[in-house]
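Next up: a single chain in structure tokens, the form predicted alone.
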């Protein structure tokens, strides 16, 4: 099977601010944009770059839990609210926990490959500040297995899941060196976010980020092995991008130099009812990335930059190893040596990732694609990193749940 029997491109990305604590304009008791407003802002941002809604064949939106966060299901029918020109066009919603945005991208890619669409508007969104954080943690636990692990799990369910992974990693590879890597990951995330105006941590002015991140975890108030700085924040936002064929690029008036080509992708599932065989590895991520790189016909050494799913500093560290940039147990040294920083050999999460930019759950996968489109086409402005001519590739890894649903996409600079 050839998963890429015709060329597929992405262009014209648009994202809202990741709104939540840390942003100066955010106040929990003041009115703020809702689900519909975020969707419209992101969608209209794309339409303005592609000649309007008349050029769109279909729409898809990724979302995890709007039915509980916002009492709103039926999100496909919100896409026409972006613009009247989207009325009477096929639209639908996809869900895969925190990988919902990545699944929206794959739905658009498959439509272009199937020749049922030349231009697909792909969106992702989540508005989570509608409830208190502890209730939000319970809602997000729906990404786990309710009848099994969730019923007996921690109130802060997913922080506890990755705290447990961290505890196993500490035992096997050492606590201090691993926590130092967590602190460096946090520092990198915030330093990157300070350069990106839409990032949730854009306004963060903390002087010594690593010292802050090294505060001891308090299991009496949170979880055993992670502190709050090891975690992505509660975020509201939406992201959107156009997924197009070569004919679609001509239709929307975008050159290949202003687009990225999808050269490899994979999406794999693990069994939600089974715990990981080895908590110190992200096995689904490893397999998915390996498959995407195989389809792309490239190796790890060809990557210029990576967007990984660092919902926690622990998942960031494990992603480095699962991708293959560091051997099992050597991720802390790789991170502490600065290899994932802006000036490192492979910069990770250059606008802050989930820890720094924010994590509006269903929007994250689409936002990752936008970040890579911006980097690979030189549109990242203040947060641009060098993309070597001999390494024109970027990788995104979008993970749902505890390494259960994983989407990996490899992009190449257009032209």
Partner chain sequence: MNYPERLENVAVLGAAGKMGSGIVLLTALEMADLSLDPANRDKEFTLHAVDVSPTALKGLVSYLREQALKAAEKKAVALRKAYAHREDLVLNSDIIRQYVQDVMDIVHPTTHLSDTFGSTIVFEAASENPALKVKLFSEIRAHGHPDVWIFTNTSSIPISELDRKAELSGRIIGFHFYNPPAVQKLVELASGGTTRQELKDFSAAFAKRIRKVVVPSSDTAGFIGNGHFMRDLLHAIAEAGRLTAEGHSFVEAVYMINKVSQEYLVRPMGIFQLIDYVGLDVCQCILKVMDDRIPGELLHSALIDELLAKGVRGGQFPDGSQRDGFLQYVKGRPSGVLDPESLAYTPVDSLAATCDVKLGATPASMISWKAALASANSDQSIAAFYADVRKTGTLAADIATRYGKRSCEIGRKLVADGVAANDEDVNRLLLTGFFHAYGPINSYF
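These numbers were taken from a predicted model, which means no experiment stands behind them. Residue numbers count along the first chain shown, from 1.
Below, we turn to the form predicted in complex with its partner chain, even though it does not appear here.
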Contact with its partner chain in the predicted complex for residue 138, defined as at least one heavy atom pair within 4.5 Å: yes or no?
yes
Would you check, heavy atoms only and a 4.5 Å threshold, whether residue 221 touches its partner chain in the predicted complex?
yes
Report yes if any heavy atom of residue 150 sits within 4.5 Å of a heavy atom of its partner chain in the predicted complex; otherwise report no.
yes
Looking at the partner-bound form in the predicted complex, is residue 32 within 4.5 Å of its partner chain by any heavy atom?
no
What stretch, of 152-160, 241-249, 280-288, 313-321, brings heavy atoms to within 4.5 Å of its partner chain in the predicted complex?
152-160
I need to confirm a contact call. Of 134, 327, 211, 77, which residue comes within 4.5 Å of its partner chain in the predicted complex, counting heavy atoms only?
134
Along 67-96, which positions have a non-hydrogen atom within 4.5 Å of its partner chain in the predicted complex?
68
